[in-house]
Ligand code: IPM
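Encoded as structure tokens, the following chain is the form predicted alone, with no partner shown.
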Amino acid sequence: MDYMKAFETIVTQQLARLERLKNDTKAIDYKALDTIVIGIIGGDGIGPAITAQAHRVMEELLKDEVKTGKVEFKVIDGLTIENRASKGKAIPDDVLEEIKSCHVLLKGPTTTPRKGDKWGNIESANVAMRKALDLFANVRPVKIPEDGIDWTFFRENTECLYAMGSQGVDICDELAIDFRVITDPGTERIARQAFEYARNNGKTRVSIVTKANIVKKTDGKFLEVCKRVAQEYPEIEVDDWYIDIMTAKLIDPKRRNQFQVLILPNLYGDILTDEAAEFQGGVGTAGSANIGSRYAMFEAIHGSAPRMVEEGREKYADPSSVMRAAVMLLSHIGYQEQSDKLARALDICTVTEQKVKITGNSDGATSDQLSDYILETIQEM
């Protein structure tokens, strides 16, 4: 392989991407749309089972809007590992066309092949979708009032190591090199979104997380740009942390309740938000938002759990994570009342009352039974 040519190709691609970033479009106005199209993507493993439950609940919450044509649901079936592998693409062209016909997406987990898997070297569907739709901001809230925890993570979605994870080069049998990219406009827009969120939601502190003392060029640029944006928000306190010590401080009861809004590059954000999710019951209970200027995608943050399907246990999978994602979706498109109802119902049904409990096995409830419980709770509000 001509690895110098491969590197030249990567640099050319990233320079072209940089020019596109400079012409980023304004955010979509959902109120101005005649019909908001919500795409439902089941994905792999337990994804179709749990996503169907969230779809069912949203259909009930938005039944009046569906009747009037203000909201339309569109089920997209083709984003499976089998279809992706057969087409040799992270997102097959026809599936991407369907996805782009929607305004927002609710997505179940998708399987990402590892080296040596039978599926081949296919890029992560999540990473590909974030790039194809330019979903630059991954937003993950974690809130546990009794512990004084109220964190909102803004993870940059389209750069860092994940953006180029399938473009590494084997120099020889004993040497492999991967690439990492950070740009000024890519960092500026995630930083600005975090600071705007802080300003609009009464937050007083934003923490920037990097390893800029060691990874001096890319992490150094990320830190520099975030601090430059911070100067436009003088009322907000800003500090910066290295990823290793921040990982420790999140579990420090004397320090963790001081954090509010955090900005991170892609890889660090992935690691830290999974750690944070454990505070509210694990990754199976958490959802996330992936937001761009034109599109937005909301998803569970856990994997596809193929073993549960192999063992015939998918009907016992917990749909809470993708329903938490639905809470954010409803809020994002302007249906705050419905979002608040679902959030309250989830708190009642999965935290406080827990009359129905999911265990992932036959000794617990099915996802369908939990959804029934959630819908009954919503109707009583």
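Start at 1 with the first residue shown and count on from there. No experiment lies behind these values; they were computed from the predicted model shown.
There is also a form predicted together with the ligand; it is not shown, and the following applies to it.
- Just one listed stretch, out of 144 to 152, 255 to 263, 125 to 133, 208 to 216, contacts the ligand in the predicted bound form at the 4.5 Å heavy atom level, and that stretch is 125 to 133.
- Annotation: in the predicted bound form, residues Thr112, Arg140 and Asp270 each come within 4.5 Å of the ligand through at least one heavy atom.
- Residue contact check for Tyr162: one or more of its heavy atoms lie within 4.5 Å of the ligand in the predicted bound form.
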